[in-house]
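Next up is one chain by itself, shown in C-alpha cells, the form predicted alone.
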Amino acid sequence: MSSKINVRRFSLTQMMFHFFLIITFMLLSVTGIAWMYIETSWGKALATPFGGYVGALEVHRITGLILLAGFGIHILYTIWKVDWKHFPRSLFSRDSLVFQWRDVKDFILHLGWILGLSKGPQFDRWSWWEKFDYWAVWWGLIIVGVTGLMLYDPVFSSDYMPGWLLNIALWVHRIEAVLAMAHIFTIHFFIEHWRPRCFPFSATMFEGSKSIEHLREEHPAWVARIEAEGRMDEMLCPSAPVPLRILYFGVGYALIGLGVFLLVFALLNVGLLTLKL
C-alpha cells in the first residue's frame, strides 16, 4: 500500500481540543514562569510582551479561566461520546481510554522489552503511555484549577478560608504546574517526536492520521482488529500535502523550541538564584 495513504486516528474536534490545549498551556507556561522569575532579568523579559508583571499575571488568570472552560466542554464532550447503550461495559472496550488490566500487562511487557527480557506488547487503539498522558491532563487541571481559582482573587478567598491555606494553594499550584511543564517539555516531547520511529517530528495530532506502515509497528493489534472488522477502507485517508506538512513541522517545532527554552532557562536561573543566596 502506498506510503501516502494514512489511517484516521483523530477527529477534527479532537484535533481542535488538542491545539486549544497546546496554545493555552504554552501561554500559561510563559506567563506563569514570568511571574515566578519576575525578580530576574529573564523573568522581566518574558513579562515585557504582556505589559510587565501585572499584565502577565492578568493574562495568566484569564487564560486559566479559558482553559478551565475548555476542560468543562471536554468533560461534556466525553460524556456525550460514551456508548450509554452498552454502559458500563463500553468503558472497557478496546477503543476506550479507561485504564484496564491489559494496560498493566502491556506496561510490564514494554518494560521487559526495554530491558531486552521479552518481546514488546502488541498495542491496540491506545498504548498505556497514551492513556497516561490523557489522564494526566485531567488530574493536573483539577489540581491547578482548584488552587488557581483560590488564588484568582486572594482577598475574596480569604473571606472563606485562612491565609495559611492560600499559601499552601500557591505552592501546590506552582509545584503541579512545574511538574506538568517538566513532563511535557521532556517526556512527552521525547515520546511523541524524538523516538527513532517518530524522529524528527510526529504530525499525527495536527494531521489527525498516521501512515498505515507506522501503525502496523506502533499499534499492530488495532490495525489487525479494524482489518478483521472490515473497517479499514472507511478509515483510510490521504496524507496531508507537502505545504501543510511543512507548516505542521514549523509550528510544531516553534512550540517545542519554546518549551525547551522555558525549561532550560528556568533551570539556569534557579542555579543563578541559588548562587546569589
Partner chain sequence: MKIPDLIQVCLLCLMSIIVLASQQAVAAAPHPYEAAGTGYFRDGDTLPGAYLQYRQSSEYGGSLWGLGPGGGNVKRSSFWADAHSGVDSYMLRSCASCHEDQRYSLHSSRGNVTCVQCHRGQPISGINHYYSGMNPIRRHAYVCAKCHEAASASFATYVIHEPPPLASSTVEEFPLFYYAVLFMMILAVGVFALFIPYVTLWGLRELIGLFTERRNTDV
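Residue numbers count along the first chain shown, from 1. Note that this is a predicted model, so its numbers are computed, not measured.
A second form of this protein, the form predicted in complex with the partner chain, is not displayed here; the remarks below concern that form.
In summary, the region of this chain contacting the partner chain in the predicted bound form, judged by heavy atoms within 4.5 Å and restricted to 74-82, 132-140, 89-97, 202-210, corresponds to 132-140.
Every residue in the set 111, 155 and 159 has a non-hydrogen atom no more than 4.5 Å from the partner chain in the predicted bound form. The closest heavy atom approach of residue 149 to the partner chain in the predicted bound form falls outside 4.5 Å.
With a 4.5 Å cutoff on heavy atoms, residue 187 counts as touching the partner chain in the predicted bound form. In the predicted bound form, at least one heavy atom of residue 53 sits within 4.5 Å of the partner chain. Proximity of residue 105 to the partner chain in the predicted bound form: non-hydrogen atoms within 4.5 Å are absent; the residue sits far from the partner. Using a 4.5 Å cut-off on any heavy atom, the residues of 160-183 that reach the partner chain in the predicted bound form are, in sequence order, 161, 162, 163, 164, 165, 166, 167, 168, 170, 171, 172, 174, 175, 176, 179, 182, 183.
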